[in-house]
Structure formats: C-alpha cells, structure tokens
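Here we start with a single chain on its own, the form predicted alone, put down as structure tokens.
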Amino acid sequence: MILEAVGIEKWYFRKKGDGNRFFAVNQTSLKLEPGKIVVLTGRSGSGKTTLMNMMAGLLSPDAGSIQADGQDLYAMNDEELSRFRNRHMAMIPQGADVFKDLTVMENILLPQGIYPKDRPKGTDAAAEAQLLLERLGIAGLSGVPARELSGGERRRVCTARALAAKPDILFADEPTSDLDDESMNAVLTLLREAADSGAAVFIVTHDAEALTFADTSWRMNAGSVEETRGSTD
C-alpha cells in the first residue's frame, strides 16, 4: 500500500497579531512505499508529529489530501476511517500510551479485537505477540499490569502492539526514546524487518542511529520538509 501526502497544510490561528495564521505544516508532499523506511528528523516544534498524525488519519489537513492507494483518507466517514486504520495502520505513539489496567499481553492484542472479522484467520496472535516480547527483552512481563511498567518497558510494549497488528503502514513517533542501546537496536531491527516484509514504515526521531536503518530520510523545518538522503545514496 502506498500512502501519499499531496500538498497538505495544517494551520492554527493566534489570538493577536497581523500574521495570525501559524502554519504547523506548510505545502508538504511525502510518499510512503511498501518495503521502505522513511525517517523524519527536525527540531522540536517543527511540525513532525503534526505531519505524522495527518498521515495516520488522526488529524485532518486544512488543505491538500492524504491518499492510500489513491483513496482519500479524509473522504471516508468516521466508521470507514476507523476500520481502515485498524486494518492497515499501526502507531508507536510518542507518549508510550498503554491501558494501565490491562496486562501487557492484553494491551498488545487489544487492537486486533476491535474488528476481529477484518483480521486474517489462522494465526496464533498470542504466540506471535510473545515472540515479539522475547525479541524486545520483556518476555517475562506478558501478565504484568501495564501500570507497573517503567517508561522504557511501556515503549517496548507499544512497539510490540504495533508490530503484532501486521500493518501495511507503521508509524513510529520517537520509538527509541527512553531506551538503552540494546533495546534501541532491537526496536529498530524489528522496524527494519517489518519494512523488509512489505510494510511502509515512517519514523519520526531525534535519534541519529535510526538513520542507519532508513531507505530515505527527510528533515522538517518550520513546517516544511526536504529530502536529506535518498535510497540510491
């Protein structure tokens, strides 16, 4: 599945001043393709997360469009978009958000239970999730309530949750924050493997190590992006 942003913009209005319209994302076009990792870097406040949220179907653009294999995401109604995102997309959120009253395994399997009829049959989701936990170094935490986890453990649970969904498009917002070198390498290796298996992977990060796993890298500045490295470099 190809996901493409075409001339998208997102702006906000300030209460005072002559130039009261502030562009968080300004005339931006970006394509995510199967089998490729795109890494986006840039200073805090440059618009990276806003851009990712628009591409992930979480924040509608004020101009332009987001096309998934030619279908406009924001032309879908709420139910259609929800089902589309659940079946085709997954996200590792910046805040490492988990449901604290659920166990680690329940957190990982939750997205797959929302629209179970939309899911492929014949897979042992719990067994596959357990393998991901082993790869991430937290195999012994599957039955632990998420409220008891450290920040780094929560981030790895979010990584397992996103990967377990086997999405066509995987978004990762600062996926290596709070992680030591070993855990960081495990996360980036799994994201690389997801891309090699056919997913389009979009990583927003401040971590230079992620660039070594990228096919293409972009830098965002004041709401606009420019390519810094192409797949042929």
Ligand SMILES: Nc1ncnc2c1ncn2[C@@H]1O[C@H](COP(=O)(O)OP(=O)(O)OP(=O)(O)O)[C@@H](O)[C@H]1O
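In this text, all values refer to a predicted model and were calculated from it rather than measured experimentally. Residues carry their position along the shown sequence, with the first being 1.
Missing here is the form predicted in complex with this ligand; even so, the following discussion is about that form.
Proximity of Gly45, Lys48 and His206 to this ligand in the model of the complex is complete: all three residues have a non-hydrogen atom within 4.5 angstroms.
Checking Gln130, Gln94, Gln112, Thr103 against this ligand in the model of the complex, a heavy atom within 4.5 Å turns up for just one residue: Gln94. The closest heavy atom approach of Glu174 to this ligand in the model of the complex falls within 4.5 Å. Taking non-hydrogen atoms only, Arg14 approaches this ligand to within 4.5 angstroms in the model of the complex. Listed stretches are 182 to 190, 61 to 69, 36 to 44, 162 to 170; the contact stretch with this ligand in the model of the complex is 36 to 44, by a heavy atom cutoff of 4.5 Å.
Residues Phe22, Ala24, Arg43 of 22 to 43 are found to place at least one heavy atom within 4.5 Å of this ligand in the model of the complex.
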